[in-house]
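Next up: a single chain in structure tokens, the form predicted on its own.
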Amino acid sequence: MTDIALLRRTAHYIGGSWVDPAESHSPLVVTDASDGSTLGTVPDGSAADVDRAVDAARAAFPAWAALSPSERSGALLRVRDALAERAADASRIISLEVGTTARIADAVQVGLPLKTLAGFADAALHISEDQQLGNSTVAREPAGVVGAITPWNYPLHQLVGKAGGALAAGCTVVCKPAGVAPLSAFILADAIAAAGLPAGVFNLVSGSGSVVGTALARHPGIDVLSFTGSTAVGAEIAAAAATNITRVALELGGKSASVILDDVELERAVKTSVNNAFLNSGQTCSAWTRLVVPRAAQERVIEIAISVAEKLTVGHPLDPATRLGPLASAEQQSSVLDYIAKGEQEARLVFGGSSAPEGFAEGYYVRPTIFADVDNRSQIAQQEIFGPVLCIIPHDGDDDAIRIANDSAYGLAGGVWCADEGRALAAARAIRTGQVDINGGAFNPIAPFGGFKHSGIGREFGLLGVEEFTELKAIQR
């Protein structure tokens, strides 16, 4: 049972202390995705709270930036250890907020952020040293105060990706977590306090995007604004930040393709692709939601995909038997069901559909759904659905497969399956995305993560994610 104090948060974390909101508002309610009941509450912050947090971060910046890389590295390792002590609570809470199954929450929602923090601690020791270019010394320096606006689908991991990278670089941070799933951000603040980081280095203000998010984006005291979320909101955030010429880093939407070429063994390629598409009930920006397959093999692909989907037992996220939990909110459930209904008019439904799964009158559940004979120009192939929906799209050879993969406004991730290494690498290089996995290559938490086109600007994680929060200075002599 989770301590009620972890679910009923009444204060922001500003300047190294838990402080009451500047204005008296009703708290924001956090919903249990499994049944729609109230899970917890957090403060509904204001622009005044953002002002206080930015002031605290600006005051803390000079001393934090002046620390040696080894001192900042040690601090991040202390945060990792303190967060590890809170891992069970964080995992359970995220499962209920987001709908992630317990097994995936343990391994990905919490386990991955712990690995990422360790990666940032190491990266802090390897920030590029000064370079000599002719009569110029080129130095890399902390950018300043970072505003971090994080999403609800991987709430702790995305926050760690921003705050960890910024702190490793020598920056200070003001964070606004998503209102749908903010509670793990408060657990991270608990860990940072327990780790003894200096006051003001990390600050947390919860609240609505329209108020707190906008205030953070428009604040003249923010040097870098890092946002993860939808492409539409990312464009609004960038426009707001442009008022102060604030540098932005955006990790946005995706409609990634898993491309199967004609020489590969289908079983593993299809199984891995389907499970990737349905990870976290499809609430993953980098999910391979388009499965691009040889036309002659489509019917066999459908058979394998259905056999995989049939094993994705829908259920309560904390039930060990569950393989597919609910979506995070009623709004998300409604949006996904609308897309499925459109798909039933656009393509051939081969599994699932827009009807509710049996036995789940409450909560935000959606059946895993697969469409075949999908036209890549259709809405379900072009728009990010963010739910357990897979589009199978037939191709007519390597060039056609790559054309389909690239025929998208997005460019975040993807996969290539091919027995010939040279052919696979050529296809991977031709697909215009920020990440491509060949034959199921494992996710690498120290590799740069981000996208092309409408999938965003900049990169997160690892050394390159740390350097995203730095500025270059040329000193001539």
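From 1 onward, residues are counted along the sequence shown. All figures in this text were calculated on a predicted structure; none of them were measured in a lab.
Not pictured, yet referred to below: the form predicted together with a small molecule.
Chemist: Evaluate Phe202 for contact with the small molecule in the predicted complex, applying a 4.5 angstroms cut-off between non-hydrogen atoms, and reply yes or no.
Modeler: It does not: once the small molecule is placed as it appears in the predicted complex, Phe202 has no heavy atom within 4.5 Å of it.
Chemist: Taking 4.5 angstroms as the cut-off for heavy atoms, does Phe227 touch the small molecule in the predicted complex?
Modeler: Contact check for Phe227: yes, within 4.5 Å of the small molecule in the predicted complex.
Chemist: Look up in the predicted complex whether Thr214 has a non-hydrogen atom within 4.5 angstroms of the small molecule, and give yes or no.
Modeler: Because a heavy atom of Thr214 falls inside 4.5 Å of the small molecule in the predicted complex, the answer is yes.
Chemist: At the 4.5 Å heavy atom threshold, is Trp64 in contact with the small molecule in the predicted complex?
Modeler: Trp64: no contact with the small molecule in the predicted complex.
Chemist: From the list Ala427, Ala56, Cys418, Leu412, which entry has a heavy atom within 4.5 Å of the small molecule in the predicted complex?
Modeler: Contact with the small molecule in the predicted complex is made by Leu412 alone.
Chemist: Out of Leu159, Leu197, Leu252, Ala123, which one falls within 4.5 Å of the small molecule in the predicted complex, going by heavy atoms?
Modeler: None of the other options qualify; the answer is Leu252.
Chemist: With the small molecule left out here, work out from 310-318, 67-75, 367-375, 173-181 which stretch has heavy atoms within 4.5 Å of it in the predicted complex.
Modeler: Only one stretch passes the 4.5 Å heavy-atom test: 173-181.
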